[in-house]
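Next comes just one chain, in structure tokens: the form predicted alone.
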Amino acid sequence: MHQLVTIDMEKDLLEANRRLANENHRLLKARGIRSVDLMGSIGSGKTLLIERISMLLKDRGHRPGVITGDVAGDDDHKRVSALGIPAVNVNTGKECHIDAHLAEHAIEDMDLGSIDVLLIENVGNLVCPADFPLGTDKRAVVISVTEGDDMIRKHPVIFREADVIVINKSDLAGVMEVDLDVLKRDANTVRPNSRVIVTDAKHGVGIEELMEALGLI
């Protein structure tokens, strides 16, 4: 009985999240705002990718806004805000992901009239965010070569939920003795219809290709 109750509660929770995600999506679309949920592990380079994308968007006359998610602290929020990008910080406490409810409140705190692209940096985790869509147009997962070439095989669920898979820090592949072709192969095996983009955020490599895959240019 206990297991059945737990399963039913989980189904109810996921369904409630999906309903809220749909509401978030309708709101953003009604305001003409394109949106991306950027997931990935700690240290994969999500923040730097967002910084690079945001500045390129600004250079092209777009108006990006960012929601930064972390369990605690505001380091990423400070980095983004320092670039003159409107940003809202979300601390999840004990939760290992942003859910649609937290995203809803962050969107409410954002001046939607001042942005036309919303980038959401999810909490650094390759497990929890998978089951909790936020209502964005696209979902992307970022991993770095420093995590090894078996990360996709170890965490297939989140990659199955991704429209775009980003392999970052490609400049370190040789040093880390990581085979990029193995990561690409695993990505295509787990999620055959996703776009796989190789980036080196530190040196600005692959950023425009990533933006195109995310529907931002």
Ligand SMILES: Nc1nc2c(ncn2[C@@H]2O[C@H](COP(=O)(O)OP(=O)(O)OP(=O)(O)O)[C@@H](O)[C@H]2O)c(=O)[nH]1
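In this text, residue numbers run from 1 along the sequence as written. The shown structure was predicted, so the numbers you read here are calculated from the model rather than taken from an experiment.
What comes next is about the form predicted together with the named molecule, which does not appear here.
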> If you check R18, H25, K202, R195 against the named molecule in the predicted bound form, which one has a heavy atom within 4.5 Å?
Replying inline: K202
> Which one of M176, M55, L48, L180 is close to the named molecule in the predicted bound form, taking close to mean a heavy atom within 4.5 Å?
Replying inline: L48
> According to a 4.5 angstroms non-hydrogen atom cut-off, is G124 in contact with the named molecule in the predicted bound form?
Replying inline: yes
>> Does any part of S35 reach within 4.5 Å of the named molecule in the predicted bound form? Heavy atoms only, please.
In response: no
> Is L172 close enough to the named molecule in the predicted bound form to count, meaning some heavy atom within 4.5 Å?
Replying inline: yes
> Would G43 count as touching the named molecule in the predicted bound form under a 4.5 Å heavy atom rule?
Replying inline: yes
> in the predicted bound form, which of the stretches 55 to 63, 184 to 192, 35 to 43, 152 to 160 has residues with heavy atoms within 4.5 Å of the named molecule?
Replying inline: 35 to 43
>> Given a 4.5 Å distance limit between heavy atoms, list every residue of 72 to 95 close to the named molecule in the predicted bound form, or none if there are none.
In response: D76, R79
